[in-house]
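Okay, here we've got a single chain as structure tokens, the form predicted alone, with questions on binding and movement later.
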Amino acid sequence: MLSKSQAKTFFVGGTVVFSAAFLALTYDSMQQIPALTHDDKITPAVERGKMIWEDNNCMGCHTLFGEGAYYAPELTKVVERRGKPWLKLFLKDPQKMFPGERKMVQYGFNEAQIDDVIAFLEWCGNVDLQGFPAKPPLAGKVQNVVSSGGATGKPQPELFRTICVACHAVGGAGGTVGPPLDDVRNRKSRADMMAWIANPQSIKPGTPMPKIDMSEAQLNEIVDFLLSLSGSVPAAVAPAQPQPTFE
């Protein structure tokens, strides 16, 4: 058994040692923060985006860096996950991408505010969080098996990859709100596709498909891609018990 003086020495010595270790680790962490957060990339747009994020209490529904509410998706890597074109369209009108489903408030942001919010979220996604948020545990085990004559064609244009696939599927991957597009070339002519994608409401008033702002070159790029598809839908092999994600 320790004497009173020995116990006092042990306590004081332990306190000093662990306090020193704590201060050293804190100093080391503070030294790494600029490199981990890329603070040299905090532009005025990023700062304005952060103010918009805070002023509108976005953390009342979303999480960022794991902090916030869990009502809506985690947004730390949302730019990587969704892409800027999709985010721009969604922030302008949340209902446009998910008609009748999304509960997000339409804040009426102007173009500059939307760009600032995206700049802030892009900076957040580039912060080195040592592996957070983790990838879905079964993401690497899902495989697409392409059957003979599978959906092949030109590389997906950026607008298609970031916006169209939210509702439509190609090659078994994508959304289910709209019909699969693997065989659209057999159902629609080039002129039909051009007219429909350019302004769906003018062809079928009330359709849930939104009018997406794009240049003539982007429109032609998407139609060229759809015309290049072979028209056969590949089968998808998924895990027996899919795990929920925050996508």
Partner chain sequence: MKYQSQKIAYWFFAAAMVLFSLQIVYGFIMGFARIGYDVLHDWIPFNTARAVHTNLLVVWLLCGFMGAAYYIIPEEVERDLEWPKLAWLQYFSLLIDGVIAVGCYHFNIWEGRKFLEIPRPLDYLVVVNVLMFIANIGVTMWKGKRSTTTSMVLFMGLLFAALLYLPGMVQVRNQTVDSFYRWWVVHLWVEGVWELIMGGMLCYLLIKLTGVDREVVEKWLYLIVGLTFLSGILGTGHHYYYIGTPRYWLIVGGVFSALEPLAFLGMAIYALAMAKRGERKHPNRIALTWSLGCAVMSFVGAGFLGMAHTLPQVNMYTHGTLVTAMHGHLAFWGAYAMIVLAMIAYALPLMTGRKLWDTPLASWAFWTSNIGMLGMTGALAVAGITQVNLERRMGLDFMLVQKEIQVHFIGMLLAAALFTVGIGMFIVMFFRHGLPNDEALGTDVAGDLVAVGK
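Positions refer to the first chain, counted from 1. In this text, all values refer to a predicted model and were calculated from it rather than measured experimentally.
Another form exists, predicted together with its partner chain; not displayed. Remarks below refer to it.
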(request) Answer with one of 111, 128, 93, 80: the residue that has a non-hydrogen atom within 4.5 Å of its partner chain in the model of the complex. (result) 128
(request) Considering its partner chain in the model of the complex, find the one stretch among 157-165, 67-75, 84-92, 111-119 with heavy atoms no farther than 4.5 Å from it. (result) 67-75
(request) Consider residue 104 of the chain shown here, and say whether it contacts its partner chain in the model of the complex, taking contact as heavy atoms within 4.5 Å. (result) yes
(message) Whether residue 228 contacts its partner chain in the model of the complex should be assessed with a 4.5 Å heavy atom distance threshold; does it?
(response) no
(request) Tell me, yes or no, whether residue 207 is in contact with its partner chain in the model of the complex, where a contact means a heavy atom of each within 4.5 Å. (result) no
(request) Verify the contact flag for residue 218: yes if a non-hydrogen atom of it lies within 4.5 Å of a non-hydrogen atom of its partner chain in the model of the complex, no if not. (result) no
(request) Go through 1-19 residue by residue and record those having a heavy atom within 4.5 Å of its partner chain in the model of the complex; state none if no residue qualifies. (result) 1, 2, 3, 4, 7, 8, 10, 11, 15, 18, 19
